[in-house]
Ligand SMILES: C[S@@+](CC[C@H](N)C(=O)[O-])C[C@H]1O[C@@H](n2cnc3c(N)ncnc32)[C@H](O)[C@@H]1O
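Quick setup: one chain, the form predicted alone, written in structure tokens, and binding and motion questions come after.
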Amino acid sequence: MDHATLRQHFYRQLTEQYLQGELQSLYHWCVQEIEGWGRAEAYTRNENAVAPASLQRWEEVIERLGKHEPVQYIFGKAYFHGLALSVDPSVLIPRPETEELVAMVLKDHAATRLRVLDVGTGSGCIALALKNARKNWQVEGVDVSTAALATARRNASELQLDVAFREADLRDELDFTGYDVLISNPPYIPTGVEDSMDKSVLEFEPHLALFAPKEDPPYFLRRVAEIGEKCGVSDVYLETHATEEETLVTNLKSAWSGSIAVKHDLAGRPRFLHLERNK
């Protein structure tokens, strides 16, 4: 089999599961990981025979993609804010919207020396991206999942970034005194919306990091605000579900005495909250 035939096979096997644009992106991702070829090179090697070992890997990947397994988990890699991160099913796959959250913090604190805590760090993507951009900041991360923390520490080691990670549960009494900024992409998806969620997210990504408590959906967002208020941090940055933002702001006013600003993502959705202490 040559690579032109393989490409046709890839599209034919997965056309029922993915849209055309998604399939093209997935194909280019797989070519890069399996063959080591860039986008342009993939189309100049149409007549190259597929090596037996490569063909076996392609078939394995096609089968897993056919079951909607995220390509990032298949190859154990995700890209975030210019960093290549190791990922596995213990952590969420970093999203482009979360890159916008990182960019917001970097813009607001361009030249300041800060002590920053990433609450619910998962793969460590936020903390590591901040540290990579601001080497003079002291950046740390906490998470309730020991498996996620192991992944975050592996990423810090592989990227040679000095970020410390430790275990913490937002349901406990926590003391984050001494930090200037808290940043968090906590579990915020309300239960009951599973039917509208992508199968790859619902079946493969960790529910611990996805879903808010059924009885109190804003709980984790409010807890970060409460802890920030109690510990005297100057700024809290939150990623949210981008729905019912006015209700959420009202809910957080019971936890935060300063200002609460709604920030929109690049798609125009009210995705982020910036909580700032009154000067």
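Each residue number is its position in the shown sequence, starting from 1. Not measured: the values here are computed from a predicted model.
The protein also exists as the form predicted together with this ligand; that form is not presented, and the subsequent description refers to it.
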Listed residue (V181, V163, L170, V71) with a non-hydrogen atom within 4.5 angstroms of this ligand in the model of the complex: L170
The unique member of A150, M104, L114, L208 whose heavy atoms fall within 4.5 Å of this ligand in the model of the complex: L208
Stretch in contact, per heavy atom within 4.5 angstroms of this ligand in the model of the complex, of 71-79, 196-204, 155-163, 136-144: 136-144
This ligand contact at T98 in the model of the complex, heavy atom, 4.5 Å: yes
Any non-hydrogen atom of Y27 within 4.5 angstroms of this ligand in the model of the complex: no
Proximity of L83 to this ligand in the model of the complex, heavy atoms at 4.5 Å: no
Partner proximity in the model of the complex: L130 to this ligand, non-hydrogen atom cutoff 4.5 Å: no
Sequence-ordered list of residues in 92-108 near this ligand in the model of the complex, where near means a heavy atom within 4.5 Å: L92, P94, T98
